[in-house]
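Shown below, as structure tokens, is a lone chain in the form predicted on its own; questions about how it binds or moves come after it.
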């Protein structure tokens, strides 16, 4: 893997080239976008092009034969087409799109991108289709509600941040003669974890204390033994009965049992390429979490103390996913 890691991956199929650069200037990335004249494009659909061709033929027939009825039909259809333009544009105008969230995923899986669609006025919006290139699509209408929360699924690639590209919002309402659409960048990214890769053992994975070892804990209720009195020891822990029997002044010693914990250590896989190391560490993080064991992570410049639970797993996987993003992958 000699290519440099990209900070953000983009889904193939998003507008690119000159058109993509023009879109970047005209509709810049934002967490919320309200559609207006600058952000909406409209063009005849395939049925609309046939409609215009028919309209032209009727008009030519009317001119050729000087037929008033043909003129009336041609002007009526032209008026209908103009009215359709206004209604098709109005079906998108005023809508607001808001980025909500994106779920993390592993390479090859699909991430769920959630967004909210709102209408800015009381007008109804019909037959709205939303889709990310290469991902799922959905249709929604805003008639008796002011907003709708939608979830779209997009396949993700290698680890790091995944950008789904520009979102397509389009509609052919009301007659299907025109297609009104826009491409918006909601600045929404999903975190992609390393691909888990099994290894036979995790060298040096165990903690320094074996399972069941005792660790001194102040105030614990587990009695462990006696030790010589030290200045500053609590008088409540002094062994007064022993002193009354003529023994030396002693203090009660308490301890707690240490749980087994493991360290996912970068140095446990020497000589292995970066991505393979991260994949091994990811695999063992998932294994320890399934087993209900405490585990920590040591990476160059990063250390996460041993713990367990969903929050710990999220911290560890996030650190692995973002390790050296933007630097040269080995």
Partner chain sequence: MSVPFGAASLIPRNALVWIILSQFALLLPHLGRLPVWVVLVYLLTAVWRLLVYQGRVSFPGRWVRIALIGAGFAAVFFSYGNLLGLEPTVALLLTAFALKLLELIRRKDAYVVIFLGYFICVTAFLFTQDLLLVLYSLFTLLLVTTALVALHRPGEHRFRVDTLRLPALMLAQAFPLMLVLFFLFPRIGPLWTVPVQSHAARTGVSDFMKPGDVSSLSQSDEVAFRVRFAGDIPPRSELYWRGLVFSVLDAGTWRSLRYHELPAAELRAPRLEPSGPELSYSVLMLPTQQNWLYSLRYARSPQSGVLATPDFRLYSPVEVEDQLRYSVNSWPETPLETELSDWRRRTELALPPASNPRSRELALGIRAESPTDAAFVDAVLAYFNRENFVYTLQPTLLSAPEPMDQFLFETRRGFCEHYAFAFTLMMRAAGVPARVVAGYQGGEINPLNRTVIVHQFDAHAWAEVWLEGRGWVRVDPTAAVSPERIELGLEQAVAGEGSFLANSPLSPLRYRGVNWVNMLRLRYDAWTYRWQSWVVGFNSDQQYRLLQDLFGTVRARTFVIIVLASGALVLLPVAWLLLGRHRRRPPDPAERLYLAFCARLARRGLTRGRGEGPRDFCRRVAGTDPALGQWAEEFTAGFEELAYASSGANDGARAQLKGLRRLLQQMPGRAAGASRLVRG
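None of the values given here were measured: they were computed from a predicted structure. Positions refer to the first chain, counted from 1. In this text, rigid core is short for the largest set of C-alphas that superpose within 1.5 Å between two forms.
One more form of this protein exists, namely the form predicted in complex with the partner chain; it is left out here, but the text below deals with it.
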Quiz item: the partner chain isn't shown here, but in the predicted complex, which of 105-113, 90-98, 155-163, 190-198 has heavy atoms within 4.5 Å of it?
Solution: 90-98
Quiz prompt | Heavy atom of residue 168 within 4.5 Å of the partner chain in the predicted complex | solution = no
Quiz item: in the predicted complex, does residue 135 have a heavy atom within 4.5 Å of the partner chain?
Solution: no
Quiz item: According to a 4.5 angstroms non-hydrogen atom cut-off, is residue 64 in contact with the partner chain in the predicted complex?
Solution: yes
Quiz prompt | Proximity of residue 251 to the partner chain in the predicted complex, heavy atoms at 4.5 Å | solution = no
Quiz item: So which residues in 158-172, when you check the partner chain in the predicted complex, have a heavy atom no farther than 4.5 Å from it?
Solution: 172
Quiz item: Is residue 58 one of the residues whose Cα moves 2 Å or more between the shown form and the other one, with the core superposed?
Solution: yes
